[in-house]
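The form predicted alone is given below as one chain in structure tokens.
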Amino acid sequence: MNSLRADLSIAVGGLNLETPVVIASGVWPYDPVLWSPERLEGVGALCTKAVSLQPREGNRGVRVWETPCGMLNSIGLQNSGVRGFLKEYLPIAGKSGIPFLVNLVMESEREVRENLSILRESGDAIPAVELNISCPNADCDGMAWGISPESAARAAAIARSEWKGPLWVKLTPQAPDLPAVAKAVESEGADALVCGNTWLGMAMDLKRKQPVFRRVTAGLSGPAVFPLALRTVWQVCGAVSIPVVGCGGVSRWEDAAAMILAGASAVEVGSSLFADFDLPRKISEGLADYLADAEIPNLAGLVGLGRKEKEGGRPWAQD
């Protein structure tokens, strides 16, 4: 079947994507060669690495640990700060010809307001912001904002008041009531939700007889978490009306198709890129063939299709 017969383009949260494959924050190096159109085949958008107001060195000690079907990471939001990003990395991202999102660290209210104020100085050079209220590997910020509907809503309201362009908010699967958090963020004007980030896990170093990571816990990602991520996508898509971007364990086109059937408009790909930089092209080609074989002319026709029973179109139960 000719994959060109299927249209993979879709509008998500203020961005027009040629494909639904988004490179997740933290995994794509700032190498100009890797931001060239030739190396970004199949990519609909990219998220930058985390950007905080001031430079961060990240966590000390072991940062990455392989697990069966996945990996644990405790990077700690290492970055050069917003001024460093604008000087060193924005020119690289801007030349890619593909929409990108600045992954913004959710710090204190004062810091995030100042950070967004500085980003606004670049005007249209920054297409969108992905507000990260879900990082499990940094103290006093990140995931703490995304745990409760009240704090998540406050974070979204702060960002929305300072940023008038497309705003995506990245949720944490550690939230006790994720649908409630999603609805709270939607109510404060987010344009899309990313569902979600890594799961908390840990590893033990048998030689040292101590936890591997200085912080004890770290973020678990990779194919092992996909069934968990798919469940959260299903729940969040049933709770909100804005676009949802599925994220967590996507390593093949079938995973992307499953999340889209559950209601996601796009998917983010992260850890699996360490094994295969060509994965976005393979996922896009697989989705295009799948649509063509099913005689579905465009990606929008697949979004949420799995939320209805074949007979009678009755919606499935949410839980």
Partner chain sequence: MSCGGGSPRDYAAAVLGHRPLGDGSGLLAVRCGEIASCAEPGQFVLLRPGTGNDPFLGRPLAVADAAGDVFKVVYRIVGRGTALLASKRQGDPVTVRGPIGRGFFSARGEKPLPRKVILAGGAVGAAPLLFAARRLGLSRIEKTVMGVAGKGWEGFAEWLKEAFPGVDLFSGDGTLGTKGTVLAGLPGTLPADSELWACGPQAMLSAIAAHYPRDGGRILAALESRMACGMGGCLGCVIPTVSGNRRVCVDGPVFTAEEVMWNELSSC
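Positions refer to the first chain, counted from 1. Bear in mind the structure is a predicted one, so any value in this text is a computation, not a measurement.
Unshown form predicted in complex with its partner chain; subsequent notes refer to it.
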Inset, instruction - Could you tell me which one of Ser265, Ser251, Ser52, Ser284 places a heavy atom within 4.5 Å of its partner chain in the predicted bound form? - result: Ser251
Inset, instruction - State the residue from Ile75, Ala180, Ile92, Ile118 whose non-hydrogen atoms include one within 4.5 Å of its partner chain in the predicted bound form. - result: Ile75
Inset, instruction - Report the stretch among 158-166, 188-196, 101-109, 217-225 that approaches its partner chain in the predicted bound form to within 4.5 Å, counting heavy atoms only. - result: 217-225
Inset, instruction - Indicate whether Gly70 is a 4.5 Å heavy atom neighbour of its partner chain in the predicted bound form. - result: yes
Inset, instruction - May I ask you to state whether Val62 is within 4.5 Å of its partner chain in the predicted bound form, using heavy atom distances? - result: yes
Inset, instruction - Tell me, yes or no, whether Leu273 is in contact with its partner chain in the predicted bound form, where a contact means a heavy atom of each within 4.5 Å. - result: yes
Legend entry - Contact flag, Gly44 vs its partner chain in the predicted bound form, heavy atom cut 4.5 Å: no
